[in-house]
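In the form predicted on its own, a lone chain appears below as structure tokens.
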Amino acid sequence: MIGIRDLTHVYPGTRRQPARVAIRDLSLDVAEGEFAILSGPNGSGKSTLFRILCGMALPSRGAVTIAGHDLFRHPRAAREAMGVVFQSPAVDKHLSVLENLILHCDLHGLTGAERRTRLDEALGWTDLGARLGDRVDTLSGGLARQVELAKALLTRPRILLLDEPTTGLDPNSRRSFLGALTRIQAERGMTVLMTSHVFAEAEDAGRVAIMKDGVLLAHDTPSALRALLGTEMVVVQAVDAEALERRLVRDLDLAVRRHGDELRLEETENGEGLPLLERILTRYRPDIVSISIKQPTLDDVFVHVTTGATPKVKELRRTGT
């Protein structure tokens, strides 16, 4: 349903600033009915890719198909298949919930009985029933996000694109929104592509893609990505993570990944027949705040992939669109 081939986007330079490559030779497929999450650190190219997929920007080169339509040659046909939830609010906060939804129906030519049916569908999963007459700016962040999603569902999209839709939500609102989204996606068989920098949100996705510096580093199911790290790993909270990392590499010849004040070691046995945790505690106990053995999560995968060496790429020149 979404096909991306050899996509590159370069922001042109100025006298004071050199050109910046936001996306580098990206190829990615999202199958029909799949729930995919695109994750990566800030500045990884997620938002640029989202703008291109929505038809709001043209890439420097590459091809995109949406529901079988060439996005750049037949943009109208491609957009008709899509619903979009932007990171920034796209509803009028001075209008009521119902006024926003009716306005969206009017823009898409939905009137009469069809409009009532669509409104009932779009609102059926929400907690907005008693708040339809309230202005959007009086709603909580979680309810306001429900309005955004309900609006996108009015057109019964085959593909739903969401750009970091849980930004700013508290943990309960985030879980509620994602739970509703997952349920709706399964019931309607929609193809969903959602960007997020909160990697824990990807646990229930069908497939997960990870970007960094405009490069696609990994794309697979959550279980396959977790398998990259094996079944167990040692996690160390250190007093001085940088100093302890150097000592672990020098003294024990370990492969260590540092993330803030936390060190992650993807092996649990290392020489002398002793568990690695025991060896580390014996030698470095004063330098350790806590140490544990845990099964890898997608957060661990994210750290593993994005703190590794970025693939070398050739310098790219801006080409005509």
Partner chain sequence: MMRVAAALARREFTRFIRQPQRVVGSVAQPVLFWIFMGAGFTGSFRPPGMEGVTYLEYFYPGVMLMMLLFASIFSSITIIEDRDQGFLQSVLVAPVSRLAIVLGKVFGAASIGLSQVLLFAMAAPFLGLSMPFGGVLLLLGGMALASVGFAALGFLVAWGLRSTAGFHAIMMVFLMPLWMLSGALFPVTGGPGWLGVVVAANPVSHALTLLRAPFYAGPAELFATPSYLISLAVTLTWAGGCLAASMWRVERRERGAPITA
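Here the structure is a predicted model, which is why all the values come from computation and not from measurement. Residue numbers count along the first chain shown, from 1.
Below: the form predicted together with the partner chain, not depicted.
Proximity of 128, 150 and 216 to the partner chain in the model of the complex is absent: no residue of the three has a non-hydrogen atom within 4.5 angstroms. Distance criterion of 4.5 Å from any heavy atom to the partner chain in the model of the complex singles out 107 from the list 249, 200, 107, 239.
When the partner chain is considered in the model of the complex, only one residue from 186, 228, 95, 243 comes within 4.5 Å through any heavy atom, namely 95. Although the partner is absent here, residue 58 sits close enough that one of its heavy atoms falls within 4.5 Å of the partner chain in the model of the complex. When the partner chain is considered in the model of the complex, residue 298 lies well away from it, no heavy atom lying within 4.5 Å. The closest non-hydrogen atom of residue 80 lies within 4.5 Å of the partner chain in the model of the complex.
In the model of the complex, at least one heavy atom of residue 51 sits within 4.5 Å of the partner chain. Segments offered: 178 to 186, 108 to 116, 202 to 210, 164 to 172. Contacting the partner chain in the model of the complex at heavy atom distances within 4.5 Å is 108 to 116. Along 64 to 90, these residues reach a heavy atom to within 4.5 Å of the partner chain in the model of the complex: 72, 75, 76, 79, 80, 84, 86, 88, 89, 90.
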